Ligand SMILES: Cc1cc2nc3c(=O)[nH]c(=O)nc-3n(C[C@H](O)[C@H](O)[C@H](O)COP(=O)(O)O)c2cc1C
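In the block that follows, a single chain appears as structure tokens, in the form predicted alone.
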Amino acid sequence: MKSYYGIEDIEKAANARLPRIVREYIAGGASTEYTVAQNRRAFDRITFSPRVMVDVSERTIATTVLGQRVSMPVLPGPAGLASLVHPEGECAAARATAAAGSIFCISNASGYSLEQIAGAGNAPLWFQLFSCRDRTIARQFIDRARAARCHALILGVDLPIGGLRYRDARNGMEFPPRIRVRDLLDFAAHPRWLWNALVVRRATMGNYVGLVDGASMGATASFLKERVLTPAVSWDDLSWLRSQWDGGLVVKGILSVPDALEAARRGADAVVVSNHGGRQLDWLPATLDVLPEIADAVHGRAEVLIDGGVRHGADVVKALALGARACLVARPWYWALAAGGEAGVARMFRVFAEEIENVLGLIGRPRLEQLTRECLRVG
């Protein structure tokens, strides 16, 4: 496949392959999309404070996350319906993740089932739950995750109801999508995507096949609203999940110190500082801005991960210096998958690895454990 120099190049290549409503579905966020922009601005506000005359001839970017060795502190975060951008979807991404030596996080709304993804390669797997309120459904997913040898469960706590995504509404990006006359020429200009979407692999939520009456996206969406994405949730649901699962437990969607402490108290092994990439509630703080206070508060009680706006190896270094153990990335691996399938995701990992190692060398901190806030300047 074509060589790309950075994540921005991968994004451009992906956008050239995708019709407008799909590429805007990936890029978009809730309401005004202020939070999407803030996630990036937060990284851009921080610069490095390098040290010179340091031996950086040997640099290492490997680390551990929940006791698992990973080649770099970058994990593909849970993102649904990857078969929307490439027919091999999460299966291709999981194979690339295994080859790169990282952990693949399976979305509850993945295009392929967790069993299919587990069978596609040997990457360590985490599986995301949307909710535990319907205990019958939750138990089924817990049993399936255990059978698929998932190392950890991720409980997404920022999805009690869906966000207001005005860009998607304007574009008719629903499930199933509303195809308008004005979109026909754009679809025709992307024949490979159209063939894949209509013939090779129609978008569906693989984990709900057999669980929902009818295989249509509309039936699945209704099932999610009625049985899964319920606003009637509480911290007791996390305690119940901890009682049912003896593997790693990750709580994703944390933006405050009290919630981070409560998650740790209820048995979470890690928290993900996340605003859902700006796709749920708008006018939220950037995840990087709240990371330091959360990392300080839960230090020693739970590992801290972060997502939202991570586009460069330099971003990963900044996040680690502010207290994160690793970064989850979603849009980057989605773009990489769209741009080149499994090879594209492999290239994304190489980009992050090369950039992280390069930054470590140039700031005079050749090992991840040397990253502290003294490495950074804010403003």
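All values derive from a computational prediction rather than experimental measurement. Throughout, we count residues from 1 along the sequence that is shown.
FYI, the form predicted together with this ligand isn't displayed, but the following is about it.
This ligand is not drawn, but in the predicted bound form it has a heavy atom within 4.5 Å of Lys252. In the predicted bound form, at least one heavy atom of Gln128 sits within 4.5 Å of a heavy atom of this ligand.
Proximity of Gly340 to this ligand in the predicted bound form falls outside the 4.5 Å heavy atom cutoff. Though the partner is left out of this view, Ser274 does reach within 4.5 Å of this ligand in the predicted bound form, counting heavy atoms only.
With the partner omitted here, the residue from Cys91, Leu288, Ala109, Cys132 that has a non-hydrogen atom within 4.5 angstroms of this ligand in the predicted bound form is Ala109. Just one of Ala30, Val70, Val329, Leu322 comes within 4.5 Å of this ligand in the predicted bound form, counting any heavy atom, and that one is Val329.
Listed stretches are 59-67, 22-30, 340-348, 45-53; the contact stretch with this ligand in the predicted bound form is 22-30, by a heavy atom cutoff of 4.5 Å. Contacts of stretch 334-364 with this ligand in the predicted bound form, defined by any heavy atom lying within 4.5 Å, are made by Tyr334 alone.
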